[in-house]
Every structure is written in C-alpha cells, then in structure tokens.
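Shown here is one chain on its own, the form predicted alone, set out as structure tokens.
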C-alpha cells in the first residue's frame, strides 16, 4: 500500500512543530532552516500552510538530475536524494515546479523530504493533525493523476 503525506491547512495553527521535528529527525538539531517541510504564513489572511515535497509520480527533479542522485525508495515511494552522489548542481531545484527542494550551502548539496523512511516526523509532531501520513488513495492523489492526464490530453489535442 502506497502512503503519502496529507496536509490540511485548515487545521494548521502555525506552531511549526513539524519543522522542528523534521530538522531534528533529519539533522539532529532543532533548526527550522534545516527542515524539509516549511510552514508558509499568509498574514493578510491569517492562514498557515505546511508545504513539502509531494513525491510526484513523474518526478521532474529525479529526471533532471544529471548524476542520478535522486532515486525512488521502493518501500515508501519517496524520491530520495543520495547525498553521497549529489554534486550540488541545483538542476533539481530548477526542475521542481513546487520549489520543495532546497540547497544546503553549508554542505553544497540539496535536501528534500524523504518521508523519514516511512515514519514522517512532521506528521507525528503535528498536534492538530494538519499533517497526517495516510493511504495515498485517501489523499485524492489518483483523482489528481486522472485529471492531469485529461488536461494533458486536451492540451496536446489543441496544439
């Protein structure tokens, strides 16, 4: 069963516990700038939106990497950056249409969500369950893929 992160911004209070849990899990330090998830704050609307890699089925970051440093974890389906292979060229950061891959200047490498090997720290730390790790069928992922295929077919037909 494929699982994925489900984010409900209506439940997010902006506490940023997800960022702290992620940075600690991934880097061993409580530092939101080292987190693979970010909470965007929209002051005018008084809204908070957690945002991280959506683990695209056709991952442009992975396809763009010239050294094949991003590979699929067969257990989780996550597209994982293998830091030992990454040369820090940042092509994947340009290829990602969502901006969820970040360059770590202190290492000269990139980082992105790897779903914590199937036990995402962000979901465990979220006190309001704005972030949950659930069966991918419940996220609407498949419906989005079907819609995307229809949209792509329509776009192709008009050109």
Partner chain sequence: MSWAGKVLRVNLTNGTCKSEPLNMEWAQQYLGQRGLASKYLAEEVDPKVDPLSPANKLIMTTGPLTGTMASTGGRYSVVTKGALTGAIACSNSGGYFGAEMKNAGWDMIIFEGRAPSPVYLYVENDKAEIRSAEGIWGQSVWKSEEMIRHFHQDPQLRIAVIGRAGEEGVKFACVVNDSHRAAGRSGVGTVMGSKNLKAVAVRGTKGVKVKDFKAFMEATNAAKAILASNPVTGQGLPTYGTQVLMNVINETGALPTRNHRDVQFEGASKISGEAMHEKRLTDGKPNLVKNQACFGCTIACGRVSMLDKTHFSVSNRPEYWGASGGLEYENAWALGASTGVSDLEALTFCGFLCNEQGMDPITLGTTIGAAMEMFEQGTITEKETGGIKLTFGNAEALCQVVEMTGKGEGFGREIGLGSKRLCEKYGHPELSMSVKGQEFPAYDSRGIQGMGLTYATSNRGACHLRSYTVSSEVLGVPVKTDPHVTEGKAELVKAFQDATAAVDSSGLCVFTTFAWGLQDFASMLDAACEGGWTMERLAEVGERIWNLERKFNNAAGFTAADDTLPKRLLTEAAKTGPAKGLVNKLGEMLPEYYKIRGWTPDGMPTNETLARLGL
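Residue numbers count along the first chain shown, from 1. All values reported here derive from a predicted model rather than from experimental measurement.
Absent from the display: the form predicted together with its partner chain. The rest refers to it.
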Heavy atom of each of 13, 16 and 33 within 4.5 Å of its partner chain in the predicted bound form: yes
query: Is residue 119 close to its partner chain in the predicted bound form, meaning a heavy atom pair under 4.5 Å apart or at it?
result: no
message: Check residue 38 for me: does it contact its partner chain in the predicted bound form (non-hydrogen atoms, 4.5 angstroms)?
response: yes
- request: Answer for residue 125 alone: is it within 4.5 Å of its partner chain in the predicted bound form, judged on heavy atom distances?
  value: yes
- prompt: Would residue 134 sit within 4.5 Å of its partner chain in the predicted bound form, counting heavy atoms only?
  reply: no
In the predicted bound form: members of 22-52 within 4.5 Å of its partner chain, any heavy atom: 24, 28, 29, 30, 31, 32, 33, 38, 41, 43, 44, 45, 46, 48
